[in-house]
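Next up: the same protein chain in two forms, each one alone, written as structure tokens (structure 1, then structure 2).
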Structure 1
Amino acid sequence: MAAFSGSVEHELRTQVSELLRRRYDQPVGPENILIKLPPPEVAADFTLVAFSLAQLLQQPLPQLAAALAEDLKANWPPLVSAEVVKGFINLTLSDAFWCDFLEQQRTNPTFGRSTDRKPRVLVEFCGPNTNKPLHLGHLRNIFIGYAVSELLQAVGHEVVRVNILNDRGVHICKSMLAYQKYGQHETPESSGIKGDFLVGEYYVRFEQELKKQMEALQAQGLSEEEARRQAPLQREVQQMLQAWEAGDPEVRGLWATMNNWVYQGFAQTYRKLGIRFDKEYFESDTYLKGKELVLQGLQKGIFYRKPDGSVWVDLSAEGLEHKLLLRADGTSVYITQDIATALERWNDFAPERMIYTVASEQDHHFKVLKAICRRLELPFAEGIHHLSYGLVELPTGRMKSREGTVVDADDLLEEMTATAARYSKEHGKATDLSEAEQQELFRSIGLAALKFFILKVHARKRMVFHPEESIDVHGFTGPFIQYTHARICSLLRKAGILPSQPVAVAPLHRSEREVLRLLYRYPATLLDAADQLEPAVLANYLYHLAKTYNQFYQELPVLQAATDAERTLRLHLSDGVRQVLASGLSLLGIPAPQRM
């Protein structure tokens, strides 16, 4: 059905271009012809904006618009009316056109998706530390990254979904050290605590114990900075990091054990969220690489060495600053690792683009990364793209792990599920389902509420997470769209086998047309959302479609329609909406239950 993605606009542009050339003997390229969608109060399907054409052709606007409307009516068969209002020409297409569109749409299970193949793209998202559970911030990252992956795939890209595990460093050693001191060989099995939460508890424990030690030292008159440096735990954790880097078997063993606990915990959470990765990259694999690349750059004179031995790059030509790449002791810093990881990904998959789903705090970091890769003339440099999203804040302000204001992903999911269950039971919903089916349903409704609440906001915007609003099921929410879908499914079940013949051309009601116009926009919406890497575009569209369908549903009977032709049309129309809602929700990673 790629043929229908914007085909009317395309055809219209070509027509208008040709008609203008004939009438005024002047070439007007199709790209100069502006087609818009009329506002709701105008009962037309498309609007041709003539202001700029009048200017371009040096013709008086009223005459030009009138002439163009006449020419179009005479030469473009699908058109039944062309009304001129000021500089707008409002175009209405025939009922036959829309019925034909519906028939094509409905019988095409992949309507909206593009069949042409586009280059391979790599999308990184999630990026957790392996010392604590996933939290609300990761959820926004994951939802955006996953939906963008789905969108890119839907429009024809081959997509590689990757995760990056920050599995080494001093913060990882903190939970290890605390476990070593206080753990008493506790395991997820022995404690009954999910692995990532168990490790997280020791991370918190470390910070608490360190704080105690620091307070004792500060009481003796040391500054906070000095107290931190001298605290025994701080020294021990540094020693542990060195032991880890030296490959000490005992430390490495503990590290592997605890990380595996965390990974098992993450895997459970990923499953609940309905996401997966094609490949996971571990920082512990790449943190030593990159050094070679820097030394090559140094040889080529792209970088320079300071007297202390550290290596730097001067990015002032790009409006950036001088950036350290290797410390005086030869060890690499974060950005050096990132170059190495990018190279590894390039070697693994040779993607046209590498999309990094990372919070906007790191906007500057990615500018620098890209600039350095350009300097090194790495083949993937231009393909580096930072998919930047704004922080999630709570009504009380930013989440602070030290202040215990972090919302854990697992807890949140449980709450959403419980709320969905409470609502369903209070309202006597889905009572004909089995216990297991109900549980599954509640989970999918809770997930829908959460994902949609986050995805409906444009990624670049900061957002405040209001718990009460996020679990709402009314209005502009995920459950509302699910509900519309489930209601259509119910309708179609009652209708039995759908009439297979194409709909007879019946005069269309206004609300039927509005639904058709929206269905028609689905392919273009997907292209737009994928192009912008913006799931919110799709989320907004889906809400709009569901809302418009509900208006139709309220206004016109389907099963009890007056004529067979109307009944068939409305059933087909409902089926078309059902299909697009299911398709769109799936791209957002939201399940579409058939009853609720």
Structure 2
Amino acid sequence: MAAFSGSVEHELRTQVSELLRRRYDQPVGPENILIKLPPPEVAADFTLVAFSLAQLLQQPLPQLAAALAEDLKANWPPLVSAEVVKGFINLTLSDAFWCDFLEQQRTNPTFGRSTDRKPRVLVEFCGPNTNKPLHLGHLRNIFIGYAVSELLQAVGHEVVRVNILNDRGVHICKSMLAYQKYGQHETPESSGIKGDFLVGEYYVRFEQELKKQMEALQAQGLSEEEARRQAPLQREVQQMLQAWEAGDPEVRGLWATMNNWVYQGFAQTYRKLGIRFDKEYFESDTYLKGKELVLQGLQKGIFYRKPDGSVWVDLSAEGLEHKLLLRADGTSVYITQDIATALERWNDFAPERMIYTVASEQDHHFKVLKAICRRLELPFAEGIHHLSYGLVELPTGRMKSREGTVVDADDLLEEMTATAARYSKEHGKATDLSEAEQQELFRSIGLAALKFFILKVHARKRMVFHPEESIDVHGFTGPFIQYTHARICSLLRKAGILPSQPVAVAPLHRSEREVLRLLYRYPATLLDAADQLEPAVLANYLYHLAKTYNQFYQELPVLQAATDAERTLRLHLSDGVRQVLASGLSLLGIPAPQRM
């Protein structure tokens, strides 16, 4: 049996480089040799691109491709055919090679994951305000940030997962002021309302009452902008913010109480989502530190002060604008706080990169942050990376927190579990499970539907979430991949103990070979997804693998295979797919149930 070396591409590039050197007496480095996966309609395992080689060596393309194909067949044992199609050489490897690959893959419990140690990376995700519950927009952020963290760790990075809580500012004071006026001392315990939901209700209440005041003022002839400025609630909330910044004990006490309600509520949601953070940072801890950094930059001449006392930076040399860093009254702005938070994280963990999972609306903000950190010559400046993603909407349109039209994360999770239960019962699924097992399965399916539907879309794209579409076990969905995993588990249970004998060399059917090709691509897929910081690469791969396996399952008998060798190979092939599906789903934060 031909030995599987671990990377066909690496071995093939080395072979081609040496063969070209021998034939043309010119060095062609392996990095100049392009190998691709052929499209599905091409019955080959790999494609060698000859165009660039002909240009590099200044040789006629047809002659070079034909000669290289012949040299490979004569000198590279795993190869059984090399077909020249215009500027491409389609390569087919031996059944012995693929059988050996399967044997090594099935005996490697960490297949796909890298053992190489790579630099530490910090990933920020979630980033909620403490004036409302987590909602659908937060979920896209959390799912992307969590999956990117898992992918980076899978390929060898040490990963630090952090959260930033926006726990101060006028938006927080809005909830506090409304609670002071209308709360009547209710608590999460007395009301039976989860803490973050309770605080969120007062945020909406503030906006509702402010709107009434503004409408009354506009009826007196004031413009909308002037009505907002003169509305009593708007003035009171600004006074509360000033009192908070002055350290007023009563205001600070209410702030701490209401924030703690929110933190407890967030913790419950995090547990439902199966996520964790290594450290949480609080905006209230860093806004003064940011002010100190700006004043230091001012002393060094990096920033400048305007006549009104405000502090700015001129970033026109970087193609950006003049940016405010401190207001005329000395208070900080978001960018000021972000500088301080980044420095604190560097001091805590010294990561090579700091990846910020934040919506694309903040693309400009992070360009400015990086430019300012460069000006300050901070050691982490070049490692700042904005993982930008598009907004997620519902079929009814964009959500608005202040109008109370958002879809809260907890409500959506409950709805997805209920949808999974309804779908499963309508289709006669999970009928052999106990009530408790069914409820756990429905929760698992609902979570998979939600996460996969969001993660399969490339992060930069805006998207619309369709709950019913996401749950279909026959569609491009997380439940479809879960169902494939459960189907394989059922097959293996029926087979009993997996054959102990190794995979023997046997003629491979086309559908077996297609599954093997995809299994082979798993390590490269993880590397690609981690390099791009793009979970959609893995999500789409898992769907393609599950779909291809199901085609194999429909075409070829497994338990009733014609020979013991075929039965053994197909059982091990099925188990290999099961392992990769379970591994890949776990990186996306999706459970892989054994029964459905």
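Rigid core: the largest C-alpha set superposing within 1.5 Å between the two forms. All values derive from a computational prediction rather than experimental measurement. All residue numbers here follow the sequence of structure 1, with the first residue given the number 1.
Engineer: Mark the structure, either 1 or 2, that is the form predicted together with the RNA.
Structural biologist: It is the first structure (the form predicted together with the RNA) rather than the second.
Engineer: Is there a C-alpha shift of 2 Å or more at Leu559 between structure 1 and structure 2 once the rigid core is superposed?
Structural biologist: Shift at Leu559: below 2 Å after core fit.
Engineer: Could you check, with the core superposed, whether the Cα atom of Glu361 shifts 2 Å or more between structure 1 and structure 2?
Structural biologist: Shift at Glu361: below 2 Å after core fit.
Engineer: If we fit on the core, is the Cα of Pro307 displaced 2 Å or more between structure 1 and structure 2?
Structural biologist: Moves: yes, 2 Å or greater.
Engineer: Keeping the rigid core fixed, what distance in angstrom separates the two C-alpha positions of Leu61 between structure 1 and structure 2?
Structural biologist: Here the C-alpha difference is 2.3 Å.
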